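Next up: a single chain in structure tokens, the form predicted on its own.
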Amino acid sequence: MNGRLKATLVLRGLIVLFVGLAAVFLLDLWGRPAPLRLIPLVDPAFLDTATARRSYADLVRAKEDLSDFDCYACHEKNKPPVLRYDEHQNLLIPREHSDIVMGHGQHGRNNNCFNCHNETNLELLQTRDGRQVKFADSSQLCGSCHGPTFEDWEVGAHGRISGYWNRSRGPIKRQDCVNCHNPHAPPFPSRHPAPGPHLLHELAESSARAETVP
């Protein structure tokens, strides 16, 4: 009889205990844990593998519209276009090419169309030593002036190179200079560096609020 009484008392005690705990949780007497703060996400721009620009070779491979490169749709063949300058010897850009901003170098001496374009054949480019270069091979033109950078580009130290370092396993692909640099204004705009390894640090409270503002 004593054993049954003890068991009954224990069961009743446990019932009272669990009811009390349930009441504590339901009434939120102990409070709730603070919500986790937001963890900053990596800007998707840093994950984009596309280059800043598309080269003529890219357009040809993609079978895009190349009408913008048809110089003789407007210019007369075998007749060099006339270049005009203002009183400060700055090149005057014709309104037909108003989208072009000339900024090749820190002075105006390089802002001459015929430094790169062949004046007697506008479908070709020309190097400083007189070699003719196709638009699809424009990096050769860049290398005729920017020798050290071109050598770095050839070995993969400059620019973006992809594929296999071990050529026996597969080919490599070099991006052309114009995939990143505008040939008329080559300086590449500054960019924020990509974030370092993620340490799962919480966002500051002010930053978290800013993230949620539409």
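A residue's number is simply how far along the shown sequence it sits, counting from 1. This one's a predicted model, so the numbers in the text were calculated from it and none came from an experiment.
Not on display, but discussed next: the form predicted in complex with a small molecule.
The small molecule is not drawn, but in the model of the complex it has a heavy atom within 4.5 Å of Arg160.
Interface membership of Arg131, defined by any non-hydrogen atom within 4.5 Å of the small molecule in the model of the complex, is ruled out. With a 4.5 Å cutoff on heavy atoms, Ser67 counts as touching the small molecule in the model of the complex. Heavy atoms of Pro186 reach within 4.5 Å of the small molecule in the model of the complex, making it an interface residue.
Of the residues Cys145, Ile39, Val60, Ile172, just one reaches the small molecule in the model of the complex with a heavy atom at 4.5 Å or closer; this is Cys145. Exactly one of the stretches 39 to 47, 148 to 156, 162 to 170, 23 to 31 approaches the small molecule in the model of the complex with heavy atoms within 4.5 Å, and it is 148 to 156.
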